[in-house]
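In the form predicted on its own, a lone chain appears below as structure tokens.
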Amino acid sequence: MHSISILEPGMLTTVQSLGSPLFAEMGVPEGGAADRLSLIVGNRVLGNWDHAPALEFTLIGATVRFDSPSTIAITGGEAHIQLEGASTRPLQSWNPHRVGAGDIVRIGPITRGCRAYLCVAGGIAVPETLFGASTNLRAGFGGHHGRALRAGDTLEMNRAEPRPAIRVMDADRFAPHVLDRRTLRAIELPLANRFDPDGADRFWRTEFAVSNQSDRAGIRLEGEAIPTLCAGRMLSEGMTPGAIQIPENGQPIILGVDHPTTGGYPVLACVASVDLPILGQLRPRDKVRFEPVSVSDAHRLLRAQRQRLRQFPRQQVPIR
């Protein structure tokens, strides 16, 4: 059997790909990996398509067993990773590793960042729903039966075409962007009748802490309350990942990948697309600030990130 078995699922482990962006008008969020950049790099290391489904771990990590030989790469948040089998050794993130039938991979608690990704050559084989393989926990579809993985679950792996192994030679040019950056670049929206200048200025100069109540739908922040002119309520309108809502209590909420597609809280700004992967790595009690950026600069920064992604250094190397 070409499969992977879940021995210990950790805090929250799901199957995620790059989501389904075509169904917002039906109330279905795009979803997908909370840190798309780490998922894409992990898949490219293995020669997969960018959208190949992988396992997303949250904070605690997990333990899995491979029932057949495969090649894997683990990206995203930092954790101690141990291979147990014919040989026992630690595994380095952001690089490919061979695993044999019966080998066990233990991913420890994530000590830097919030989420890690286990990519396998060929990708995890799950049925597509709405043209995607990502798990939508709230709606209960996608991924593995629309739910978080449990001990005893078995997932099929697609068979990968033989190809030369590659290794990311300079992973640190990606990791700090998503694991260490805590100033989020955001585009300020027209204030209209929702915020006065003093309230907006308070937002840009305040350092916020990530709340324990944060999840894939939204990153809740705690700090100096941001006043609104509409008592934190307005007619519902369409929402997008990265939108920064200010509810009645004045504590901002940054919408994540599983956000509601409409919302009735006023939006002061929106995190630039280039920094959206950072949202997936924010953990409770992290401190964050916001930096205004123009639309043209946000486009320039995103193009530069995509250019780095296309040209990251690679070298064919033997895989242990």
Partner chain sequence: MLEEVYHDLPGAVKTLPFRLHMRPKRLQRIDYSAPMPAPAYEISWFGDRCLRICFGNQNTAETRALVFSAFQMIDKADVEGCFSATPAYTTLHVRFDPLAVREPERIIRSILDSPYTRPSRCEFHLIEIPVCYETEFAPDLASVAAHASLSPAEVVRLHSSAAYEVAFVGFTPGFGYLTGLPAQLAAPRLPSPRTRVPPGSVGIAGDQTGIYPSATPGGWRLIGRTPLRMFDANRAEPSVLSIGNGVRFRPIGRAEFESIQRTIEGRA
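Residue numbers count along the first chain shown, from 1. Bear in mind that the values here come from a model prediction, so they are computed numbers and not experimental data.
Separately, the form predicted together with the partner chain exists; it is not shown, and the next lines address it.
Q: Tell me which of 263-271, 282-290, 40-48, 63-71 has residues with heavy atoms within 4.5 angstroms of the partner chain in the model of the complex?
A: Within 4.5 Å of the partner lies stretch 263-271.
Q: Are all three residues A24, S236 and M239 in contact with the partner chain in the model of the complex, where contact means a non-hydrogen atom within 4.5 Å?
A: Yes: A24, S236 and M239 each sit within 4.5 Å of the partner chain in the model of the complex.
Q: Please pick, from P190, G152, P90, P197, the one residue with any non-hydrogen atom lying within 4.5 angstroms of the partner chain in the model of the complex.
A: Going through each option in turn, the one that passes is P190.
Q: Heavy atom within 4.5 Å of the partner chain in the model of the complex: which of L130, A225, A160, I104?
A: Filtering the options by heavy-atom distance leaves L130.
Q: In the model of the complex, does R112 come within 4.5 Å of the partner chain, counting heavy atoms only?
A: Because no heavy atom of R112 falls inside 4.5 Å of the partner chain in the model of the complex, the answer is no.
Q: Is there a heavy atom of L302 no more than 4.5 Å from a heavy atom of the partner chain in the model of the complex?
A: L302 belongs to the contact set for the partner chain.
Q: Report yes if any heavy atom of A209 sits within 4.5 Å of a heavy atom of the partner chain in the model of the complex; otherwise report no.
A: A209: no, not in contact with the partner chain in the model of the complex.
Q: Decide whether S214 counts as a contact residue for the partner chain in the model of the complex under a heavy atom distance cut-off of 4.5 Å.
A: Contact check for S214: no, nothing within 4.5 Å of the partner chain in the model of the complex.
Q: Taking the partner chain in the model of the complex, which residues of 138-154 have any heavy atom within 4.5 Å of it?
A: Heavy-atom contacts to the partner chain in the model of the complex: R138, A139, F141.
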